[in-house]
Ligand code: HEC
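What follows is one chain in structure tokens, specifically the form predicted on its own.
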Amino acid sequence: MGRLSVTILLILSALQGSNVNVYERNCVACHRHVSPSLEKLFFDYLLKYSSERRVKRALADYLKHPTKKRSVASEEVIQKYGLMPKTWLRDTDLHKAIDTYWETYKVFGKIK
């Protein structure tokens, strides 16, 4: 294998291994410009689903198959902005983004 091939493989590995990049590129980039904020949505999910496992599962289900029933957004927000489009992320990248999202806003272990 040539030097260029090894370099390309290393770059691709680094990009795939970066949870923050997946989250920043695919979640923050859009929600930076629309409401509700990612933080508000996180707490809406947490209020409705209460545990890390259930929040992550509900979020992945919604992103794969967005419907009003699965959404935690209010009717007003849905009318104003619509539902999110179905994600095009592979499952591994989707779960990396959701894990980063959880770590960014979780309150467990942060309250003193």
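All values derive from a computational prediction rather than experimental measurement. One rule holds for the numbers: they count along the sequence shown, beginning at 1.
What follows is about the form predicted in complex with the named molecule, which we do not show.
Chemist: Is R54 close to the named molecule in the model of the complex, meaning a heavy atom pair under 4.5 Å apart or at it?
Modeler: Flag for R54 set to no.
Chemist: With the cut-off set at 4.5 Å between non-hydrogen atoms, does K64 touch the named molecule in the model of the complex?
Modeler: Close contact is absent here: in the model of the complex, K64 is far from the named molecule, nothing within 4.5 Å, heavy atoms only.
Chemist: Using a 4.5 angstroms cut-off on non-hydrogen atoms, would L46 count as touching the named molecule in the model of the complex?
Modeler: Outside the cut-off, so no.
Chemist: Just give me the residues of 60 to 95, first to last, that have a heavy atom within 4.5 Å of the named molecule in the model of the complex.
Modeler: Read in sequence order, the residues that approach the named molecule (within 4.5 Å, in the model of the complex) are Y62, L63, R70, S71, V72, A73, V77, Y81, G82, L83, M84, P85, L89, L94.
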